[in-house]
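One protein chain, two forms: both are listed below as structure tokens, the first as structure 1 and the second as structure 2.
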Structure 1
């Protein structure tokens, strides 16, 4: 978190991830360029610009596929959480590479047209009713516009201006952009010399993304289905001794947000599971220096009242708890955001 907005908020961990990102992109380009030049048939070597166009397009598509895999991977294993923490930088990098790809396409194929390059792109092929001749470039342009909106509003300033719900809904457009790009690649491959291999890679990537999301969704649904109805308005969160110190267990009320039940030494607290920043799962974070730390972007909340420490103003709902027979029970009805509630003490159990 930061008391004021800054253009770039790097720390030691982000620098490490960004270095790995830049290195990975550089190696991808190097491998793709080498394959493009060395793998070309004798006498049919493509121009340098054509190879860079293909490399940038492949890099942007591959990076977006990887980005969309991070979310469900983080639901399936906590080892993917560091990638989730750095996902915003990946997204902006993906847009910049896609922008380079689009600019080079306009320059190479439409830059010398007698009309504006954008007009040429949109009007040179009007065969929208033909599968074999469909103007797949327009699909890529539509995807690029969506990625531009997302990159332009990626900063926390826009999250604060638009509000978490609208900001989140806007950034869900990444799935529409990805669908457009899959169609862009597959239709382009069907009309080019790459044939079925490139189309199969694009389709396989889409199936991978869909498969991971389905697997993560089924796991979450199974966990939710295992929850029992509250007795007298209270939910059974399990044995207090089973909650790791500084960590949480998640319970699901009949209505509303999931509840994160944290243990801090001998104290037990319960707060809403959704972070006010981007809806991150607070229950997958931990208590550090007396504050719950969101695993996505490090936003902090005091467990006793759900308030962010000054000078921050974010607040989340809190819940009453009690310990009976060594088990933690949480009242299903939330208290207003920022309501202070005394913790239950494990020593008093039983």
Structure 2
């Protein structure tokens, strides 16, 4: 296999991912615009701008729902893994569509009054003390600000400057934004501004996102509790033959970080499961051209020593392995990042 295969492969994949994204958004808009104009009862046709406002709001919200479903889906089935890669383009697109939505609202609902549109946005509904009457547009604004900060810090540069912890904490804000948006759409419907169908859809979406997260969390907890009881500091990683070629199983030590046990042909290696980039689950990635490729953004590591191939300098911890009776055992204690360790060899049975 050519040395550059994985690079080209990932890049081509990235391009078709972006293409699918643009196509999906375009189709969504087309369907929404068509429904908005054709579906309206005769004589009550909404203005063009109003239809675009609704379509862009719905597109941004649906995209965000999809984004939030990818994470747990990838934990439930490896088939959803390709969606994880390049997820940040989805987030930035979502923010841009939401920005169009907000700008058009400002223009259409607040642009024609005597009062400055920005002031009018915050004051036209003054019932901040009410629950059902709370100004739903202010909730949308708060969510938009959160989406902005996340889109603005999605470049890798920010991961390096903020540090993985702060970056992650910041991007957890997406759940706050999502909550605000569900309230935005539902309150809007309660106040007769947004559609009832849209509100029902928002509620359903929220249930779907919550349900998927709970299911994935349960699955993970069950997996963590499964047969990895330590014996003399070595952990049982299951049968070697059960590890798919080029893939890994993830072992959870009683304490410390998760371990990814990879199989490359007849060779078995173990490395830390957390990617140096943003902590992506390396054990859910695969080996391409002799390198472990992180499923999130494609960082690469050599399984034999945990080092990224030159010119990169990332290093992860490695672990000693042994195979006894067809079973892989991995030492619970890690070696320092970048330590070369000889693989254990699977003997061909028969």
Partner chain sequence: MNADTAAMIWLALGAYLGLGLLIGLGVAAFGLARLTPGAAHMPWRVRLLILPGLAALWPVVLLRLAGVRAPEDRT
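Rigid core: the largest C-alpha set superposing within 1.5 Å between the two forms. This structure is a prediction, so every number in the text was calculated from the model and none was measured. Positions refer to the first chain, counted from 1.
Shown first, as structure 1, is the form predicted alone. Residue 54 shows a C-alpha shift below 2 Å between structures 1 and 2 [criterion: core-superposed Cα displacement of 2 Å]. Taking the rigid core as fixed, one finds a CA shift for residue 70 smaller than 2 Å between structures 1 and 2. With the core superposed, residue 101 shows a C-alpha displacement below 2 Å between structures 1 and 2. Core superposition places the C-alpha of residue 325 4.0 Å apart between structures 1 and 2.
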